[in-house]
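One chain is shown next in structure tokens, namely the form predicted alone.
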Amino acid sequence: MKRILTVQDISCIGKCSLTVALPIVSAMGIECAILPTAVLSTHTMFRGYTFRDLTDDLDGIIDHWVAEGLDFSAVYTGYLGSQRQLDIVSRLFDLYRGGYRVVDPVMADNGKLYPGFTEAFAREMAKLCGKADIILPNMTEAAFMLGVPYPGENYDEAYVRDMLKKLAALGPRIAILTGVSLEAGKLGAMAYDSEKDEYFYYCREHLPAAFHGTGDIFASAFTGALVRGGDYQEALRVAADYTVECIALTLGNPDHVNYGVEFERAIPYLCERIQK
């Protein structure tokens, strides 16, 4: 059985990070190994959450895996909260070169860095992205990593293509910008394969809602589809379709919670989708 290692925090309540990555990857028929960087009582949308940093434990866990001769079909990172964690993932990428190295540089959205992050951290994240095979930033994260102004909604396809080429110049073979809208009422992602000098864009309807954790759902489904043997274009389609299905099912339930989408109810859709 193929195995994906995902490196990110775990929020005990919150439908994000490891609490979505583990079930989604597992449902896709792939073993999901985890390297938890921190434990939170809830995700950060809640007030008064508890937080336990696990950075000091990470190297020992990795050393044990190396001693056991364990390997991974992909190493996929989400939220990383410190320079030390970036350094540890950089070491992981050096140790496990045989599979995909996928970075979702979770640190910003809507033109602003998340609390606790700095522009200096964004520059260091850009260096980590340079060691990846595929990166999945949103428009804000891309702007901070490249040191350019955030464009808001004032961009066109030529601007997105230029951003993608600059992201690829950091080092990854494939750069994917998420949250791209090139026409009214549509939202999607555009990818650039630097080896083939090839662009790919896929979009779906833009549903009138914003939920915490949908980026983690997208990245988890994308990495799972990639490891199952799909190319990056098909993996992008699977991830976008599943994310939209999660949001649509959530909006269809008048009693849904406001802290995440009902990705669990959409897992049967995902299982059917990946068989096509």
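Source: prediction; values computed, not measured. When you see a residue number, it is the position in the sequence shown, counting from 1.
The same protein has a further form, the form predicted in complex with a small molecule, not shown here; the description that follows concerns it.
- With the small molecule left out of view, the stretch that reaches within 4.5 Å of it through heavy atoms in the model of the complex is, among 5-13, 264-272, 248-256, 21-29, 5-13.
- Though the partner is left out of this view, R237 does not reach within 4.5 Å of the small molecule in the model of the complex, counting heavy atoms only.
- Residue contact check for Y114: one or more of its heavy atoms lie within 4.5 Å of the small molecule in the model of the complex.
- Contact check for P36: every heavy atom lies farther than 4.5 Å from the small molecule in the model of the complex.
- Using a 4.5 Å cutoff between non-hydrogen atoms, V106 counts as a contact of the small molecule in the model of the complex.
- In summary, among the residues M45, L54, V66, A209, the only one with a non-hydrogen atom within 4.5 Å of the small molecule in the model of the complex is M45.
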